[in-house]
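Single chain ahead, by itself, as structure tokens, in the form predicted alone.
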Amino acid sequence: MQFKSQAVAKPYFIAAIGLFVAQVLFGLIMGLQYVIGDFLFPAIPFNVARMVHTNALIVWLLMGFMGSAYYLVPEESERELHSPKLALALFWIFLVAAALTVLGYLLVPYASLAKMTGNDLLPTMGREFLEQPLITKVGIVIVALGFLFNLSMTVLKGRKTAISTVLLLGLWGLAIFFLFSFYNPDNVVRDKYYWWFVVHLWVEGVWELILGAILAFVLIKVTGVDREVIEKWLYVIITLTLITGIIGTGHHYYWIGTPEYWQWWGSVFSALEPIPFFAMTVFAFNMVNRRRREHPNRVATLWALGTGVMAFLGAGVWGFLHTLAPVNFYTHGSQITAAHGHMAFYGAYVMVVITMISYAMPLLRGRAANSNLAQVIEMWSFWLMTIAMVFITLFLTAAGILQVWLQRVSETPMGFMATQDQISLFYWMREWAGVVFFIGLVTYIVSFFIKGSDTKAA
């Protein structure tokens, strides 16, 4: 059943993909700066490229989550969105704030940007992933509150389902934990302790609820499996996620000055974190195998299956590789961390947003699915991006293992910069894999403009 107000998801999806392109381009710039130190200097210093790369990632995923929610909630609630006009107004506020923030990073020295935007009144800037100026953070809170009000009113007035409930729980958690970005104590240990309340409890906590809800929604639509079966799986997955993810925050507390009991708590519970991701993989394949119909949108099914597999590998397997305290003692902050981060974000969140876009955009354009030719091209983009990400992860893992050995384990340890010279070959290979990933992303965008015989939505 289609609802007119679901159309507000379209600008969110388009903006998300646009920001995704920007994120990857700045990733490629950073990759070159690893091996050609003065590339684009002083126009785009490494620290600025890194801020844009990571901030664009966060903003485009949030755009994707918001678009997914605006598409999903009316259908689950069986009623129109509470206020489509509010949804569109918040879209433009969010997009303009994001664009101005990125321009601020690129055009104004960071210290000057802090002074211009009121950081003296309430210091919140200068922390990784939370570099946004104070006024941007306030804007994010306003947008989030308006967004949650709109969704909550829609759900309260309509049908209540497990999917919309889990989604709302994840989105409210996202907004609540972001409030810790305003708390910036002078004590560095306390600062990092609460900083992880935003970063970890987002990506290894409430974001996983959003992931589960979106994946469950798409699987119901493309497989026709009974809702009760999918909802039981969803409850199991989110229970495992919350138990392991919340206490698993301790794996960030090993070496920052917190009590040593965190080494036990963090090691045990973060070692259990792959379980919900494995359950998600089994869930996706099980539902597709039990499908009652062949949905014309085959490529959305492919993205859904890929989400389960890559999330398990990136967040589960690569997360486990360096999560135990005795191992993390040597690997902490190395390229192994970067390898885990790249595959985990791609597998868990990038792929689930693309899953939703691939399912919803044809419907928003009046088709059940894109043409066969467009789907074949989109499948090429899936394999290009996914295989490229596997190689990015493998090259960074090799770089990290060598880095740990040369810099931290060897009887004659080398300095940081000397070690970087020794592993530069892996950085070059990572850069070429990144180029292939970018080609895959462009291929994905092109697939939406391919004409062909379309199946009209009923």
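Residue numbers run from 1 along the displayed sequence. Values in this document were obtained by computation on a predicted structure and should not be read as measured data.
We do not show the form predicted in complex with a small molecule, though everything after this point is about it.
When you look in the predicted complex, the only residue of 258, 337, 83, 286 with a non-hydrogen atom within 4.5 Å of the small molecule is 337. The partner is absent here, but in the predicted complex a heavy atom of 30, alone among 30, 52, 423, 404, sits within 4.5 Å of the small molecule. Heavy atoms of residue 366 never reach within 4.5 Å of the small molecule in the predicted complex, leaving it off the interface. Proximity of residue 362 to the small molecule in the predicted complex falls outside the 4.5 Å heavy atom cutoff.
Contact check for residue 447: no non-hydrogen atom falls within 4.5 Å of the small molecule in the predicted complex. Contact check for residue 332: a heavy atom falls within 4.5 Å of the small molecule in the predicted complex. The candidate site formed by 173, 237 and 241 is entirely out of contact with the small molecule in the predicted complex, as no residue has a non-hydrogen atom within 4.5 angstroms of it. Segments offered: 291-299, 95-103, 180-188, 123-131. Contacting the small molecule in the predicted complex at heavy atom distances within 4.5 Å is 123-131.
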